[in-house]
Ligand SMILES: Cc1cc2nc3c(=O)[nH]c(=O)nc-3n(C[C@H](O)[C@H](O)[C@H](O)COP(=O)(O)OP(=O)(O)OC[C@H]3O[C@@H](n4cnc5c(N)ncnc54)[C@H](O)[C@@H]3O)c2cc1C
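Encoded as structure tokens, the following chain is the form predicted on its own, with no partner shown.
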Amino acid sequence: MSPTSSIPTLPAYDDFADGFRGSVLRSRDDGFEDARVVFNGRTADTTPALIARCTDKDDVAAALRYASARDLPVAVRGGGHGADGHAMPGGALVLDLSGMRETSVDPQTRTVRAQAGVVLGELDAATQEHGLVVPSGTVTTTGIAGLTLGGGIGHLMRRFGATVDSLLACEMITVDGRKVRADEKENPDLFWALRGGGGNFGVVTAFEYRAHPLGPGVVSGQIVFPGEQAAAVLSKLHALMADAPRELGLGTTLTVAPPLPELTEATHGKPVLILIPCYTGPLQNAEEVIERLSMLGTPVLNTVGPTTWLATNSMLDAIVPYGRRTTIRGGYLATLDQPVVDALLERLADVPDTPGTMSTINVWSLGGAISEDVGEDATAFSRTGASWLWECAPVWTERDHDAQFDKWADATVSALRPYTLPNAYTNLTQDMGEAWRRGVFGSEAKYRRLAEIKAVWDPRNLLRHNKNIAPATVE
């Protein structure tokens, strides 16, 4: 049986939609299969009803008026990189914004305007032409839309904060097809909600950011320690990063070493710990800062050195291939003490031994600008109490392996639950249910405010294919 053979016949929506100038793809059309490929390959198991490939904001408005008139739930595809695969759900009317890719940079005011289909590699390339950067994520194929609306973390968050901390404005189409702007003065409640509340409130067609001087030169790379040193190295990281300069970003990865030629043969197939520093401060201080990391143990490989920002923010692309099957879980940690370290290593030891797959447990250092410069209630995005962020991210190809990796991911959540905070960065984990959603924004008051704003902008919850915030009801 084919993966789509049990799906009921869907309406053709042959009357779609007055004023729409882009292409419309239905399951019977050439190009439909290619158009519905997104980062999480598990979306191949379901079929959207219709993919409307928008050329501009007028197309988005026309499509939303059509959906609103028929009470149709709408999904939005920007970069298509969301962990849940919400960009291409079964039975949905999908607004595909991936063709809306214009970016403009004003080097005098250091402002950047980017349409919702832009991906991080394109944003970086445009800003680096002027020696600027917008703090964003760590994989070039990630879309700016989902990244920004969820908060946005990456190599530069300790120096410049989350992506939403550099967001100046959003251009949005409401569910009934109106064009609005949200910033600190115009629709300020909506602007507050868009900075972390995801795609719950409307379809953002363009973002305006404040850019920061950086590059092209930075210092980055990977420091690889054998698995037997992982516990000792990880247990020292919390104290080290608490005293580290903001210019040092740090990711860590626990995984089973692939048979790469740059790794010694003795490490192939064995657990390893990889530190991924990115230092953007004065070059003369880089050696001392990086040495503190390398001296935590005896590395089997150290590739850290001078490079470019563009190379740095693409070095993780290889471990997150587009279109593979995946399941992602994650959360915030207040510390990286011994019980947490023990739990992380126990989960790595239990990873399914399945050929042709890759599983990682990643831990990112917060602190600095993302933790200290913006008040918890200033945006919907929550970061209070968080010093670290963990995620488990297995990647595989065969549907037959779904159950074993889901089981491993769920067991990892259970093992880390005693240490995981109730608030979370929603982009680096799949949805874990209503109770979880009520806690991820940091307080019941923030969640209630989001639900009230949702009721203003999307009272029928047409935009429900997301980490959904139900509209507040009038009491």
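Keep in mind that this is a model prediction, so the values were computed, not measured. Residues carry their position along the shown sequence, with the first being 1.
In what follows, reference is made to the form predicted together with this ligand, a form of this protein that is not presented.
Engineer: Within 4.5 Å of this ligand in the model of the complex, do Gln229, Leu234 and Leu293 each have at least one heavy atom?
Structural biologist: Looking in the model of the complex, the three residues Gln229, Leu234 and Leu293 all stay beyond 4.5 Å of this ligand (heavy atoms).
Engineer: Against this ligand in the model of the complex, would Gly330 count as a contact residue? Criterion: heavy atoms within 4.5 Å.
Structural biologist: No - in the model of the complex, heavy atoms of Gly330 and this ligand never come within 4.5 Å of each other.
Engineer: Does this ligand come within 4.5 Å of any heavy atom of Val203 in the model of the complex?
Structural biologist: Within the cut-off, so yes.
Engineer: Does Gly249 make contact with this ligand in the model of the complex, using a 4.5 Å heavy atom cut-off?
Structural biologist: Looking in the model of the complex, residue contacts with this ligand do not include Gly249, since no heavy atom lies within 4.5 Å.
Engineer: Using a 4.5 angstroms cut-off on non-hydrogen atoms, would Leu214 count as touching this ligand in the model of the complex?
Structural biologist: Residue-level check for Leu214: no, no contact with this ligand.
Engineer: Out of Ala193, Ala145, Leu273, Val133, which one falls within 4.5 Å of this ligand in the model of the complex, going by heavy atoms?
Structural biologist: By the 4.5 Å heavy-atom cutoff, the listed residue in contact is Ala145.
Engineer: Of 405 to 413, 29 to 37, 425 to 433, 48 to 56, which is the one stretch near this ligand in the model of the complex, taking non-hydrogen atoms within 4.5 angstroms as near?
Structural biologist: Result of the contact check: 425 to 433.
Engineer: Heavy atom within 4.5 Å of this ligand in the model of the complex: which residues of 59 to 84 meet that condition, in order?
Structural biologist: If the 4.5 Å heavy-atom criterion is applied to this ligand in the model of the complex, 59 to 84 yields Val76, Arg77, Gly78, Gly79, Gly80, His81, Gly82, Ala83.
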